[in-house]
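Form predicted on its own, single chain, as structure tokens, below.
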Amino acid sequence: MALTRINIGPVHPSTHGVARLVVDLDGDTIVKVEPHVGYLHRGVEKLVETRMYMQNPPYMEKIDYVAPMSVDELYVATVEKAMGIEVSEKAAYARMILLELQRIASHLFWIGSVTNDLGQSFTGFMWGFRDRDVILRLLEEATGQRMFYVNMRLGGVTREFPEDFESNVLNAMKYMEKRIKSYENFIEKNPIFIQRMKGVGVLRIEDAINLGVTGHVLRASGVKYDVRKNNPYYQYETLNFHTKILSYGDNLSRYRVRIMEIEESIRIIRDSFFKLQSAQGSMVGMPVKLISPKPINKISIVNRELPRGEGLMYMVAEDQKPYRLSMRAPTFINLSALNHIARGHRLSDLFAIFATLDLVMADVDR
């Protein structure tokens, strides 16, 4: 069998700039896809070892620039565990509200991107960015920053929520519920979108488990696993929300799980605000100091349900800075499943499959 080898990327609009895919084809059928990564590698896990603990959050936020607050919180939570610092009930709910807002903003970015990657229309792309801007304004209101927030502090966040923040968020959630219905009516009733998504890129449940994928990729294959439910942190166990799963494991299921996750995030935000009213403690964390408290735990391991899957951080602590830090980036693991999912499909299907994995290459490369 004579195969044709082609390069896609690293400068290609559908690989988002810095991913290179080496594809072996038999005619128009994919035989093998080999991702080549590292074009955005900056050595963040080594950089943090040369700086004091709370000098590192700005580096963490660049790992996932679409959902920067989520990685910042993962790092700060790892430091808190090393230092033995407890987060107050009020600060826990505040973080949950901010993290779920960040999750919605990230998912909206992805919805706009995937419709653009499929060439459906520019409308979906503009809708996603327009609605994401509603969330970004709320995050800016709460943190003072629009993109890279650096608002997590040991024991809490940088400052109390503004006086009218709750009403602004709840009004935005009502707006977002209406917009979700618009996405469903506009995107899911497009026959071309359905043809390119339904039954394409199927990942069976046993393969999803064996490949170690997480997040929406895992849940779309029928595995009911969400760190917020299976290994709850902060006050997630006190809230009434559900882990959304589908069993088909195709592109359309990965898209649908994301839509349902936005609806669950809206529910979490509303419940968190309700419980925040009677929560105890201070929302504001410790001020940033050059001298940090000495760690009481030599090794600290923390996992979180990031917008793109399970993120895990491992840190060996020294007195003033990490001796070693390593991160399990969810998109790096999900990308490793691309070859398995794409084999046997047409070349044109590769871009749809790649898009539904929702990769941020800075998170892959670090």
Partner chain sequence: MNIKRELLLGTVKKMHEEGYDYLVKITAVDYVKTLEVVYILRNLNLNKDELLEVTITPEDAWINSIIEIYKAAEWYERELQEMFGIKIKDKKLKKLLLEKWDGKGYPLRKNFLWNKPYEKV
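Numbering follows the first chain given and starts at 1. Predicted model, so just to flag it, every value in this text is computed and none were measured.
What comes next is about the form predicted together with its partner chain, which does not appear here.
- Look at 280-288, 209-217, 90-98, 71-79: in the model of the complex, residues with non-hydrogen atoms within 4.5 angstroms of its partner chain sit in 209-217.
- Using a 4.5 angstroms heavy atom cutoff to its partner chain in the model of the complex, none of 62, 297 and 360 count as contacting.
- Residue-level contacts in the model of the complex: of 29, 320, 55, 336, one residue has a heavy atom within 4.5 Å of its partner chain, and it is 336.
- Although the partner is absent here, residue 246 sits far enough away that none of its heavy atoms falls within 4.5 Å of its partner chain in the model of the complex.
- In the model of the complex, none of the heavy atoms of residue 145 sits within 4.5 Å of a heavy atom of its partner chain.
- With a 4.5 Å cutoff on heavy atoms, residue 168 does not count as touching its partner chain in the model of the complex; it lies far away.
- In the model of the complex, residue 66 stays away from its partner chain, with no heavy atom inside 4.5 Å.
- Shown without its partner, the chain has 327, 328, 332, 333, 335, 336, 340 in segment 327-356 as residues with a non-hydrogen atom within 4.5 angstroms of its partner chain in the model of the complex.
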